[in-house]
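We begin with a single chain expressed as structure tokens, specifically the form predicted on its own.
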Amino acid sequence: MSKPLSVEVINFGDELLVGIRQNTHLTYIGEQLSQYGVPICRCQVIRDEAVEIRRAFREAWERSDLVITTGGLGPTSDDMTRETVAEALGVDLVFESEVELTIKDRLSVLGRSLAPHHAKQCFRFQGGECFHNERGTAPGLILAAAGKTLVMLPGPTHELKPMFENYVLPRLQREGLIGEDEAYVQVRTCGLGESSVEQLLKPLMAEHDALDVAFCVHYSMVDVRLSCRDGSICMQQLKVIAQEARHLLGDDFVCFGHCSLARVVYHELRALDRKLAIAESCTGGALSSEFTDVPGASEVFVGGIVCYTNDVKVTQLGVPESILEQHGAVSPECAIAMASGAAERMCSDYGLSVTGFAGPDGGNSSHPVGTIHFGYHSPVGVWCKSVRYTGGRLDVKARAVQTALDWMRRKLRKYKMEEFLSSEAEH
């Protein structure tokens, strides 16, 4: 077996260390590479200072086969990564006139002209290459030397992601540094904790000794990654095992791969040729946002209303004032009225609602802080679901969104199964 590829990521930028921005680059690059069986071995987060950049890069270059850097490629004075890394490598920088033309064209579209400081973005390493940045002015850089590979990416996430997926991954595959196929099959679950998922899958794990099982937990979901390091289980066999896992998980199975809950619900609604409307209070539009993140969502999602005050609940959704007076805005009765009101006012087949006390204030003896009620309106009836979460306000909101989506997913799949069984009985 060949030596595993040693990968190191260096994130440059003072804003990462002072808390202005989260280090989402590491999470993203790690996720992308792990799909092909190449984990990141080490990460450094470094200030925009030449001495620190030089030291961090030399250490990484000495011990790693693939070094990926993010940040410091822009036109400002604190963007010194390109020049400092070139010095550390002992290579010259070469002016690339095509990059200058690309930057000039991009700026002209924005009604701006090429300024002298933009010139620093037009240099590449001698013996290396530039790759196009379709969303910004700073190109990416790649250099292969001494049996190692350096990839440098700009800091803005919306620039980095398409560059990594459209250029870096294909390039690494062509160079044979990573495989062309995914190294694992992912089974996504929702509604169970990590230990419960493990217990359900124990028979499967015991049956296949060479099976590697990894669990990844995030907001009520547990991803199960099935792989085989010694190669004795091929990808086709892994897919068969994944189907067995699906059977063991039952309704807690969400999908194979990386689909969001909103995308799963979207596909269920598309299959039924039905529409959805949303009414939300405490989540403040976050539930609707999940659907608008799905390409083509307008095929099923007609719209959402953020009804934060009682007046909006009454005027926009038609929630009866008697319900608000008798039961309150945070109640099962109000949640159902919100869901039905959203469906009726927006001419939708389904309505989904959220109302609750996200904290830290609010709540009462009957509905303490963390209490969330969900309403569900469908062509065959209406339902309510109530939960109580602990944690901070943002955490409660995020968990409420996931719960609403998972609840609707389960409802839709149950409805489809009942329709199927009814159709089978008729025949």
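On a predicted model such as this, the values are computed, not experimentally measured, just so you know. A residue's number is simply how far along the shown sequence it sits, counting from 1.
Below: the form predicted in complex with a further copy of the same chain, not depicted.
> Please determine whether each residue of E194, I305 and M346 possesses a non-hydrogen atom within 4.5 angstroms of a further copy of the same chain in the predicted bound form.
Yes, the whole trio is in contact, each within 4.5 Å by some heavy atom.
> Of the listed stretches (125-133, 293-301, 85-93, 243-251), which one has a non-hydrogen atom within 4.5 Å of a further copy of the same chain in the predicted bound form?
In the other structure, the partner sits against 293-301.
> Considering A50, C41, V382, V369, which brings a non-hydrogen atom within 4.5 Å of a further copy of the same chain in the predicted bound form?
Spelling it out, the residue with a heavy atom inside the cut-off is C41.
> Considering non-hydrogen atoms and a 4.5 Å limit, which listed residue (S260, S289, Q173, S220) is close to a further copy of the same chain in the predicted bound form?
None of the others qualify; the residue that does is S289.
> Decide whether R112 counts as a contact residue for a further copy of the same chain in the predicted bound form under a heavy atom distance cut-off of 4.5 Å.
Yes - in the predicted bound form, heavy atoms of R112 and a further copy of the same chain come within 4.5 Å of each other.
> So in the predicted bound form, does L16 come within 4.5 Å of a further copy of the same chain, heavy atom to heavy atom?
Taking the distances in the predicted bound form, the answer for L16 is yes, it comes within 4.5 Å of a further copy of the same chain.
> Please run the contact check for S34 against a further copy of the same chain in the predicted bound form: heavy atoms, 4.5 angstroms, yes or no?
Close contact exists here: in the predicted bound form, S34 approaches a further copy of the same chain to within 4.5 Å, heavy atoms only.
> Is Q186 a contact residue for a further copy of the same chain in the predicted bound form, using a 4.5 Å heavy atom cut-off?
Result yes; Q186 sits at the interface with a further copy of the same chain in the predicted bound form.
> Since the partner is left out here, which residues of 379-404 would have a heavy atom within 4.5 Å of a further copy of the same chain in the predicted bound form?
The stretch 379-404, when checked against a further copy of the same chain in the predicted bound form, contributes T390, G391, R393, L394, D395, K397, R399 at the 4.5 Å heavy-atom cut-off.
> If the C-alpha spacing of G231 and I40 moves by 3 Å or more in the predicted bound form, is that a move closer or farther apart?
Result: closer.
> Mind checking the CA-CA distance of G231 and V9 in the predicted bound form? It differs by 3 Å or more from this form, so is it closer or farther?
Their C-alpha distance shrinks by at least 3 Å in the predicted bound form.
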